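Heads up, the chain below is alone and in the form predicted alone; it's given as structure tokens.
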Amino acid sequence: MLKLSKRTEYAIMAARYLALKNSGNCVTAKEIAEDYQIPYQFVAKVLQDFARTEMVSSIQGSKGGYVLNRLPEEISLIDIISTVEENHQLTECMQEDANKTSCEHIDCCKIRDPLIEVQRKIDSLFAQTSLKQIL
């Protein structure tokens, strides 16, 4: 069954929270974790990933936290997913380099190519869906 990882779910939740509070005020990982009742460690790591890709700015100090660097309509779900997931493919064999897969059926597989097309469609839908749309 196609399913987003908890890491991705928490990332989307954190991005949504930042977008809702995006009036220039900093938001802390603790605030997001408490409001959504999700593990602080996950939220903190997700926000660090967002800062690494410059989706958010990290502000230091007693009134510090995180703020979005772009408007919610400029951030797609694929931006969020790609930030926190190294590989978000349907199956392992869809890696760009098929030689890196551990699948023993890669040479005779009949479903890899059709599933690659399904993956393209899913990614396209995620790319077309903005953070603003899930507010």
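Note that the coordinates shown come from a computational prediction; the quantities given were computed from them, not determined experimentally. All residue numbers are counted from 1 along the displayed sequence.
Same protein, other form: the form predicted in complex with the DNA, not shown, and the subject of what follows.
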Residue among T91, N69, T28, S82 with a heavy atom within 4.5 Å of the DNA in the predicted complex
T28
Are any of the heavy atoms in C103 no more than 4.5 Å from a heavy atom of the DNA in the predicted complex?
no
Looking in the predicted complex, any heavy atom of K132 within 4.5 Å of the DNA?
no
Examine S58 and determine whether its closest non-hydrogen atom to the DNA in the predicted complex is within 4.5 angstroms.
yes
Hey, in the predicted complex, does S5 get a heavy atom within 4.5 angstroms of the DNA?
yes
Within 4.5 Å of the DNA in the predicted complex, which residues of 60 to 81 have a heavy atom? Give them in sequence order, or say none.
Q60, G61, S62, K63, G64, G65, Y66
